[in-house]
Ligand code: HEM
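Before any questions on binding or motion, here is one chain by itself as structure tokens, the form predicted alone.
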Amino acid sequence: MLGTAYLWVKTLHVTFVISWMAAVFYLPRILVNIAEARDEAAVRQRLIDMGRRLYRFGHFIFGIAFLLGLTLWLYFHISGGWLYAKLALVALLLAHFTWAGRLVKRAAKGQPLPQPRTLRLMNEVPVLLLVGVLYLVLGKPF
């Protein structure tokens, strides 16, 4: 019975993490589009609205993934040095997501965004962090 519960919690945790990562990957791309839609007010506003909704959705999904991960840690006693390294990378992913959300809020106020090229480069950061997370979770090197 305990093994079945563990598999369900882990399955749900991974599902919500995947959903959150979709938001983490897409929000910076919306920012690129906002930055490139300078003179197209209707397009820009639609993108800002999309960004706001995605940011709220992402935080909601992250909260569920976090609670499920906390359950794995506390109830099923998942531990190890790899876990703390993974959590550090997840904290960086969350900081990146929060930064992107603040840029959406800045755009909504009519304030300038970084150059589209900078935003494109920042769009790649989560991929690198995710590779590290996956290596730690799958390999458990320490």
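What you see is a predicted model, and the numbers here were worked out from it, not measured in a lab. Numbering starts at 1 and follows the sequence shown.
This protein has a second form, the form predicted in complex with this ligand, left out of what is shown; the following refers to that one.
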Note to self: Taking this ligand as it sits in the predicted bound form, is K86 near enough to touch it, meaning that at least one heavy atom pair lies within 4.5 angstroms?
What the structure shows: yes
Notebook entry, point to check: Using heavy atoms and a 4.5 Å limit, would one call W99 a contact residue for this ligand in the predicted bound form?
Noted result: no
Check: W82 near this ligand in the predicted bound form, any heavy atom under 4.5 Å?
Finding: yes
Next item on the list: Answer for Y6 alone: is it within 4.5 Å of this ligand in the predicted bound form, judged on heavy atom distances?
Entry: yes
Next item on the list: Name the single residue among L121, A22, L128, L134 that comes within 4.5 Å of this ligand in the predicted bound form, judging by heavy atoms.
Entry: L134
Item checked: this ligand: the contacting residue among A95, A108, V43, I78 in the predicted bound form [heavy atom, 4.5 Å] -> I78
Notebook entry, point to check: Which of 45 to 53, 112 to 120, 64 to 72, 30 to 38 has heavy atoms within 4.5 Å of this ligand in the predicted bound form?
Noted result: 64 to 72
Next item on the list: Output the sequence-ordered list of residues from 13 to 51 with at least one heavy atom within 4.5 Å of this ligand in the predicted bound form.
Entry: H13, V14, V17, W20, M21
